[in-house]
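Single chain ahead, written as structure tokens, the form predicted on its own.
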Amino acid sequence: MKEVDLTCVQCPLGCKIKVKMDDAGVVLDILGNRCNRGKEYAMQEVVDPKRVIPTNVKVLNGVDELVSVKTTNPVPKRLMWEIMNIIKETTVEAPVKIGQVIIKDILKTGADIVATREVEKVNK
């Protein structure tokens, strides 16, 4: 049997949750959550954890060299480095608008990479 201790991040309560699994990784019990969101979070964390990825993308001809971006939905944590490598090789031409889709449906996760701030075009 395996036990995983987590702190739930779904609300300010921060419940200390214990997940008990058998040797095959099947969840047997979830203890310590005070709501269903905590139970769902714990199940997701031990089965296939997901995260929203915030980072930056290079900007061409902008007043700033980088624009902040994030995924529109949580993506599987196991794909995070592959996604970061794609983003690292990506550039966008200024101007960039808030909410502009920089990469559509990255790695077929259903999540887009969108700008979270504006970058104006540089005046030459």
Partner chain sequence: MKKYETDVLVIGGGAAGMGAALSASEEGVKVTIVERTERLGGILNQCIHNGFGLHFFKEELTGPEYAFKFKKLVQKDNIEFLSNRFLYKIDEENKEVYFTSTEGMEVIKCKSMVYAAGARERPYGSLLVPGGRVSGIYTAGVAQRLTNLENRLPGKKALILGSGDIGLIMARRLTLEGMKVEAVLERMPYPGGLERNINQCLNDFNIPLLLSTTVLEVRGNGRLEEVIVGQVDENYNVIKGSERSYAVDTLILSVGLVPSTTPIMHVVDINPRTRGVVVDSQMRTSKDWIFAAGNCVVVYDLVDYVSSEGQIAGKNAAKYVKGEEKGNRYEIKKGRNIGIINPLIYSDKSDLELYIRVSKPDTGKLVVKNGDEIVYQSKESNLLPSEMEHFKIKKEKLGEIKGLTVEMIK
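Because the structure is a prediction, the values reported are computed rather than measured. Residue numbers count along the first chain shown, from 1.
What comes next is about the form predicted together with its partner chain, which does not appear here.
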{"query": "Option touching its partner chain, based on a heavy atom within 4.5 Å in the predicted bound form, out of Asn36, Thr91, Gln44, Thr55", "finding": "Thr55"}
{"query": "Lys16, heavy atom within 4.5 angstroms of its partner chain in the predicted bound form", "finding": "yes"}
{"query": "Touches its partner chain in the predicted bound form: Met80 (any heavy atom, 4.5 Å)", "finding": "yes"}
{"query": "Val101, heavy atom within 4.5 angstroms of its partner chain in the predicted bound form", "finding": "no"}
{"query": "Close approach of Val9 to its partner chain in the predicted bound form, 4.5 Å, heavy atom", "finding": "yes"}
{"query": "Heavy atom within 4.5 Å of its partner chain in the predicted bound form - qualifying residues of 54-75", "finding": "Pro54, Thr55, Asn56, Lys58, Asp64, Glu65, Leu66, Ser68, Lys70"}
